[in-house]
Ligand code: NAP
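Next comes just one chain, in structure tokens: the form predicted alone.
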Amino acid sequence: MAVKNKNVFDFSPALESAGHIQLKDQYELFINGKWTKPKSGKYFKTINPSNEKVIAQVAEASKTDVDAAVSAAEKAFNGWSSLSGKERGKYLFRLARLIQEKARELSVIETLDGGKPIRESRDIDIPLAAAHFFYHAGWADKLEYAFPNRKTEPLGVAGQIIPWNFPLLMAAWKLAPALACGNTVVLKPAETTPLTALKLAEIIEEAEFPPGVVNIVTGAGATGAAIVNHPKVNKIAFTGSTEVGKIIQRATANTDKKLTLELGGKAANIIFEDAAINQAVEGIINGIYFNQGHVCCAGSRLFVQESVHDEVIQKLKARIENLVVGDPMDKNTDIGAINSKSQLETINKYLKIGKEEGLEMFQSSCSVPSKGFWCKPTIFTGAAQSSRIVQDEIFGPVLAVQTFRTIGEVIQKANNTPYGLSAGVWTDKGSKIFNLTQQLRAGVIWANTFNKFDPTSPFGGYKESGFGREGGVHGLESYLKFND
């Protein structure tokens, strides 16, 4: 790849190699199957976080625009829900195939807009997004088998708000089950990463979905609030921060809207002395540094049994030194750019807090570009339960390490958090795995692996990590009403 200098990346060769990727200078709203200018005439910029260059201008949807999108979805509902499940499944299969065909283009756009390494976009995000549409297409005509002896109906119009860390994948997690069950959708992508959702709208056009079945409106918090508060929206699905999730829960409390929330996390990743240490170290690296730590289920709290603490830390530090930080478009890059300036400021605030609390901080000795938003992979050792580094979700490449002696102690420490989204256990003993899976208060628990996802498996949390599930049969249930 050509570079103008060591700190400024030239992405044109990557764009050319990806089959002449077509990115517009300006994007409108996708409402009722048409590209529509925002009523306010307002647009915002989406930028490349690795070099701070503007990629495109994106329409900002107002309350009036949201109302138009909801009206289009409501109008389309009767036709879409009355289609046989087999016919709806055909549309989803077609969409999944088109995503596969355009995977290279989608991968590059995801990396340009979000800052994540191209290897992750190419090998994980886009294939998994297609897999979710394939999986739910298969359920579209089999709902009576998913819920035997129960009469199901779609809910109506689903309002869906997705985060910036996995833009296309989160869109697939929400769109696929909603459409398979016969609902119509108004979806809002995050304001910092709208481009793959807008490219998905173009693919939906190409797949010839009926107008109004999927509407995609872009904007910030006010746009999301307009969706949440709209009286004709029957279902809200939100993935994002716990703080915003609580606001949404209060806003829908006095309504008949069905609600699912997938919120923040502070996952415990636990290494026992009988674990395969080298394998565990790789799992810890993947658990916290994948996608720059922009993962709600990231293993950001590491618990190491005292007898192997020194060995684990030594190997972790050596492994971190080998991580490649830099150009997200380089297939050899392990850690790309932080998604936005504001998120980098949040991460840096916690790095300062960790040092002020007296924790020992270790960072990779690598250099990072002067332009763009970057954070070196970081470890804090000597952490205590009371540390804010341990208690608060940082959403960045920052790992807090604690020690433990007994199973009872680590279970108590792992559960001592407001969150309950995920956890990981590394041990050679199946009995320990079964014991911990029964006692750890987390929605997803990985054993001797981490950050592995499959469309057939439900995902979701407890406590301040939200409620409801996405994926699997459980995810279908969130988009249906039952007339037993």
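Everything numeric here is computed off the predicted structure, so don't read it as measured data. Throughout, we count residues from 1 along the sequence that is shown.
There is also a form predicted in complex with this ligand; it is not shown, and the following applies to it.
Report the residue, out of Val281, Leu98, Val228, Cys375, that has at least one non-hydrogen atom within 4.5 angstroms of this ligand in the predicted bound form.
Filtering the options by heavy-atom distance leaves Val228.
If you check Ala414, Ala190, Leu92, Ile271 against this ligand in the predicted bound form, which one has a heavy atom within 4.5 Å?
It is Ala190 that has a heavy atom within 4.5 Å of the partner.
This ligand in the predicted bound form: within 4.5 Å of a heavy atom of each of Pro163, Gly240 and Ile248?
All of them do, each having a heavy atom within 4.5 Å of the partner.
Find out whether any non-hydrogen atom of Glu393 is located within 4.5 angstroms of this ligand in the predicted bound form, and reply yes or no.
Output for Glu393 is yes: heavy atoms within 4.5 Å of this ligand.
Wondering, does Ala220 line up within 4.5 Å of this ligand in the predicted bound form on heavy atoms?
Ala220 belongs to the contact set for this ligand.
Is it the case that Glu110, even though its partner is missing from this view, gets within 4.5 Å of this ligand in the predicted bound form, heavy atoms only?
Looking in the predicted bound form, residue contacts with this ligand do not include Glu110, since no heavy atom lies within 4.5 Å.
Taking this ligand as it sits in the predicted bound form, is Asp125 in contact with it (heavy atom to heavy atom, 4.5 Å or less)?
Asp125: no contact with this ligand in the predicted bound form.
Quick one: find which of 314 to 322, 149 to 157, 393 to 401, 99 to 107 has residues within 4.5 Å of this ligand in the predicted bound form by heavy atom distance.
Looking at the other structure, the answer is 393 to 401.
So which residues in 243 to 280, when you check this ligand in the predicted bound form, have a heavy atom no farther than 4.5 Å from it?
Result: Val244, Ile247, Ile248, Glu262, Leu263, Gly264.
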